[in-house]
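First, one chain by itself in C-alpha cells, the form predicted on its own.
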C-alpha cells in the first residue's frame, strides 16, 4: 500500500516576480498567462492592455529572455521576472 502524498513531498522553487517572492512546484514550466496571474492579483483588463515579460537568472542554456503570449518558460530557483502592463490606446 502506498503512503498518501503529503505536502512535504512536493518540491518547490522560489521565483521573484516584480520583486516579490513566489513559491511554485519545481520542474514546472510557466506559461505567459501563469506569469501574468502571479504578477497581478487583479490584472488590468480591457482593449489595448498588453503585457511584457522579461526574465533573468533562468536555465543555463537561456539565462535571460522574454516570454510572449503562447510561450512558456522552464523555471529554476531564484529566477527573476519583470512583468509590466501597457495600454495601447
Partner chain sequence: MSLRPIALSSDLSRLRNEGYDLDIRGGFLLVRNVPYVGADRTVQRGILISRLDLSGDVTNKPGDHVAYWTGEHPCHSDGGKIRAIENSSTPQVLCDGVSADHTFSAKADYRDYHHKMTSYIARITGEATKLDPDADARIFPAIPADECGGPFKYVDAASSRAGISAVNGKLAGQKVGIAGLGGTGSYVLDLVAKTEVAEIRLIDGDVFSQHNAFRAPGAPTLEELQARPRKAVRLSEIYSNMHNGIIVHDAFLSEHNLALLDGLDFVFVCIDQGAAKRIVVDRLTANGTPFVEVGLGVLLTDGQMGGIVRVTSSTPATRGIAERHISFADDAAANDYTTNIQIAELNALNAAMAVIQWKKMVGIYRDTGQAVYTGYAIAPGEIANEGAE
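Here the structure is a predicted model, which is why all the values come from computation and not from measurement. Positions refer to the first chain, counted from 1.
What comes next is about the form predicted in complex with its partner chain, which is not displayed.
Checklist entry - Does at least one non-hydrogen atom of residue 61 fall within 4.5 angstroms of its partner chain in the predicted bound form? => result Taking the distances in the predicted bound form, the answer for residue 61 is no, it never comes within 4.5 Å of its partner chain.
Item to check | Heavy atom of residue 66 within 4.5 Å of its partner chain in the predicted bound form | outcome: Contact with its partner chain, yes.
Next on the checklist: Since only the chain is shown here, I'm wondering whether residue 14 would be in contact with its partner chain in the predicted bound form (any heavy atom pair within 4.5 Å).
Outcome noted: No, residue 14 is distant from the partner.
Next on the checklist: Quick check on residue 42: any heavy atom within 4.5 Å of its partner chain in the predicted bound form?
Outcome noted: The answer is yes: residue 42 has a heavy atom within 4.5 Å of its partner chain.
Checklist entry - What are the residues of 66-84, in order along the chain, with a heavy atom within 4.5 Å of its partner chain in the predicted bound form? => result Residues within 4.5 Å: 66, 68, 69, 71, 80, 82, 83, 84.
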